[in-house]
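Shown here is one chain on its own, the form predicted on its own, set out as structure tokens.
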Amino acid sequence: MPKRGCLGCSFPVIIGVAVIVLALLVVSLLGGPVGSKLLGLVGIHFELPAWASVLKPEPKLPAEAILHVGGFLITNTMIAAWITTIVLVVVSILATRRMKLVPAGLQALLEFVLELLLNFCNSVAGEKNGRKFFPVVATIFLFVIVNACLSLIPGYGSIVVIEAGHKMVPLLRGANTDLNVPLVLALFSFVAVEYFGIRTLKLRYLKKFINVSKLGSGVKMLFMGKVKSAFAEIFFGIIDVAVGLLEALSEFIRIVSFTFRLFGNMTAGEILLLIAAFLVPWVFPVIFYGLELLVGLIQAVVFGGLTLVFLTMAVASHDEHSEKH
């Protein structure tokens, strides 16, 4: 019997695969722009066939328009976002239509992911609040990571359509690379934080933004003739008002931070893949596919995790913070 090597394969098979991969890498390197330029310096002309070559990338930040329905513009990233939603719905239906006590296959995979997310929510926010925040955090996480995974499918951005003006544009483009999609997710996170904060603490939640109790108390003391105490209360009251304004400003800054963090990382990753595929087609970009998948996972965890932290902070009263410190 042949000796087993790695993953149950014999050493001859492993060596054969390695030789094929190395040969493809050398051919793609020599057929790419870098290799062609180097070979041209020594008088050798070598090009990959048209079907194997990759067109020169032309990265564009704005999403390209595909259709115009009345006054409504449909872009390629919008279609990609719809596909992501459809994939999530279909997977959920397939995984839960014949649920078993002992899960297997797709049901087991979905339950594993959701259980991880639920445990993460419970560990940060506690069991009571963790279950309330779970739908928000899970929605953000799954949407971001599935968007990232779908955009890495080979050929995902290769399908082109002719837009008005006979311009060729890709039919699909990673939704996370459109500034509007991260902005919508950031707004969704912002609304969820404010909703749970007001729902849990009622008017006490607004006190951290509008805290004029000491200022009012100082003015009242001033009319009562307690000048020294009044000026002290007014001074600290002005500080409370300023802190409240900073708190309100920080809430809106989160929207900007969330938006550009996701947009910047995913757009940079897509541009890196396009350039790598153009310079050394076929084999070399596989390395960056794994890296981009890792980036997508990290961004999903960061976006969902920060939303969970802000949700937890929103439902914690000021008195609880004071007791902890």
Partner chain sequence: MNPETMNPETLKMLAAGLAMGLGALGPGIGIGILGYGAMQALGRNPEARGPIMTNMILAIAFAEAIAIYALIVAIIIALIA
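Positions refer to the first chain, counted from 1. What you see is a predicted model, and the numbers here were worked out from it, not measured in a lab.
Omitted from view is the form predicted together with its partner chain, to which the following refers.
In the predicted complex, its partner chain sits beyond 4.5 Å of every heavy atom of residue 22.
Although the partner is absent from this view, residue 302 contacts its partner chain in the predicted complex, with a non-hydrogen atom inside 4.5 angstroms. Residue contact check for residue 290: none of its heavy atoms lie within 4.5 Å of its partner chain in the predicted complex.
With a 4.5 Å cutoff on heavy atoms, residue 67 does not count as touching its partner chain in the predicted complex; it lies far away.
Highlighted residues 195, 197 and 200: none comes within 4.5 Å of its partner chain in the predicted complex, counting any heavy atom. Counting a residue when any of its non-hydrogen atoms is within 4.5 Å of its partner chain in the predicted complex, the hits in 254 to 277 run 257, 260, 261, 263, 264, 265, 268, 271.
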